[in-house]
Every structure is written in C-alpha cells, then in structure tokens.
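First comes one chain, alone, set out as structure tokens in the form predicted alone.
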C-alpha cells in the first residue's frame, strides 16, 4: 500500500535529493550503516537522502522522533540494522514516516544531522548470520543448462521447487571492497588430474538480495501470506563466481569454494515500503508449466509479488581507467521476470522449519532475461567464452581479468511515481596471492 511518503510531488530541503537523477529522493529513504572514518566511534545507522546521510541516533537525541518511531530509532543505536529488522513492519513504517516528515520541505532545516555520503565509510548493513542464494531466473537456468545439456537444459525439479544453496556469510563485503582472485582446484577436460592454481574463469552474477526481518522460531514455517512481513528490504548483490573451480567441484553437492571467496552487497537497503509504487504481478508462467504447490501459492503474491526493478552491469577495465574512459554497460535486465518471487523463496526456505533470523540475507540468483543484452553473468554473455565481448579501445573479454571493476546499479521507474535507486554495488578484481 502507498501513503503520503510516496507522493511524487513531495520535496525535501536537502537540495541534492531534488536532482532528477538522484537515487535517494525523499520517496526512497533507504537504511544503511556508516562510520566517520576520522572519528573513533562505533558504526551508526543512517538514512540516505540525496548525497547525504541522516544520522538516526542524532535525530533521536535531538528529540525529533517520537512515539513508535522513537522506539525504532533506539534500535538504531546498535552498530547494525539487526535490532531494527527484528522489530517488524509497524516500527519500520513509523520510523520511515517520521524521517520523511523531518526531511520534507517546510520542516526546519537541520544540516547538523547530515553527513556527506562521500565523507563516510559505508559498511555491510547487517550482521549477516546466514546467507542463502537461490536460482530463481528461469532464463539464467535455461542458458546455463543449455551449455551442458542442450537437449534438456532445465532439471526436472526446477519448475516445482525454488532451488537454492547455503552461502558463506563471513565473506560478504560492502560495495567498494576489492575482490581477490581465488585459487582452487581446476581440471582441464583433457587432463588426467586437477591442478591447484588461480581461477582463470572469474565471473560476476547480477542479483537482488533481501534482508530478513523478525524471522521465525525453529520448527515453525512461515506461511506465504506472511512472508513479506519478514522482508525488511532489498539490496544489490554480486555473487562472484569462479567458473572453472565450480565446474570441477559442484558435483554432487553444488557450489562451494567457487562462490565462498567473496559476495559484494550494496550498502543501502531499500525498504519494501519504499518499493510499494513499483510492485508488479509475479512472472506469468507459460501454459503447461506446473502450478506452485499450495504452500507456495497466494493470490496476493500472484498479483503483486514482483518488483518493477531495472538492473544494470557496467565494467571499467584498468586500461579504461588509465585512459580516463568511463565504464561501459554490459547488460540491462528486469527483476520482474524472475520465475520465483521473493516471498516464495523465503517461504520455501522456512518450510522445513528452518529458522530465519534478523539480518539473514537471501539472494535471488542471477537475474537474466530472454535477450542477450539482458544476461546477468559473463558466462552467459560470452557463452562460456565462445563469443568474447568487444570493449572500447580494442579490448575483449571472455571472463574477468585482474584490474577489471564491475559496477552494478538498480532503479525503479514508473509513470506517476518518483524514480528511486539502489546506489551502486562495485568491486575491483585483484590478482591472486
């Protein structure tokens, strides 16, 4: 449901939030965690507005947040979003509404509560206890399956069950953190035995992440109708992947060291409430596809389970940086085309009684579309290296090289609503040690 915080005519006294291209206008107000790099203090919870950060604790101490919003702001005195995520939707909504009133044009201008974003160190927004990654794009699954099983790209279970695996929470890093090329076991198809060497087929995966809110007790599933009460908000995710390590290790238990060396997340969590004007129907399954089992089916999720979110991947090589050239876009895709919704992913995750906890991260899996320019990984774009990408200056890429910087961006746009963005999720590839 939308309310006055979504009004496209709403303006802010923060001038940078009024720029048409701003990712963080007053209609957005995403939450994150930041640190003053030149101060000896704990990380603090902030809200992005234009190119500034509102210090939530400072606003509470100035007695500018009252009632339920004040109680929510107390939770923001922690060095992560976990306590706020645990409170639930009533508190999230109250705090966002209070911050909206504080920052609106006509309210007293309090620049003392703001910090320039460029002057802050932006951190992973939650203490992530568990991280699970899904495989929710049927186009990605079909592309990857088609490389290895051209006659039968999708495995029999794909359209019945949201497929996922448990990732490594300790190696989730914030945007801007360099990513070291991993070493691992590699086996050439013609070789008799594997070798241990730096990964040669390093890749990115364009994904969307969802941070869990209150969660569920061990042994108690989350019904599909309650799933979104347990989603605090969304971010961008780069699930870095070493394809040659993955090829050798993934059978019989799936991804392991090919994925666990690093996962990058964008620092700002766009709340589900901020995304209300951009909800869309769930992916329309083709005729003949099986209907979801009853525990994954709900009329509301079918009608509003999608998000009209456009995602992009850009690359800037070392040569491009040295030559002063801007990044070039590799792909542009739509999150609305995912076969499984986030609510279905979360419900399935908890369906066996697995307890989800505040701050847990669930990722969508690679977001890919039907066209080549909407494929969300280099594996698909170059078709396992058979179709190299041509870059400005004569460079080509089959997979990522050392010095390449990958930049992911996302934004929601729709007539009658103010555009909101997710900021950036970026990382540069460093040589293997």
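Positions refer to the first chain, counted from 1. Model, not experiment: these values are computed from the prediction.
The form predicted together with a further copy of the same chain is left out here; the points below concern that form.
A single residue from the set 119, 284, 193, 299 has any heavy atom within 4.5 angstroms of a further copy of the same chain in the predicted bound form; that residue is 193. Interface residue among 305, 337, 233, 164 relative to a further copy of the same chain in the predicted bound form, by the heavy atom within 4.5 Å criterion: 164. In the predicted bound form, no heavy atom of residue 102 sits within 4.5 Å of a further copy of the same chain. In the predicted bound form, residue 310 stays away from a further copy of the same chain, with no heavy atom inside 4.5 Å. a further copy of the same chain is not shown here, and in the predicted bound form it never comes within 4.5 Å of any heavy atom of residue 314.
Using a 4.5 Å cutoff between non-hydrogen atoms, residue 183 counts as a contact of a further copy of the same chain in the predicted bound form. Note that among 319-327, 106-114, 87-95, 165-173, the stretch whose heavy atoms approach a further copy of the same chain to within 4.5 Å in the predicted bound form is 165-173. Residues of 399-433 that come within 4.5 Å of a further copy of the same chain in the predicted bound form, judged by any heavy atom, reduce to 433 alone.
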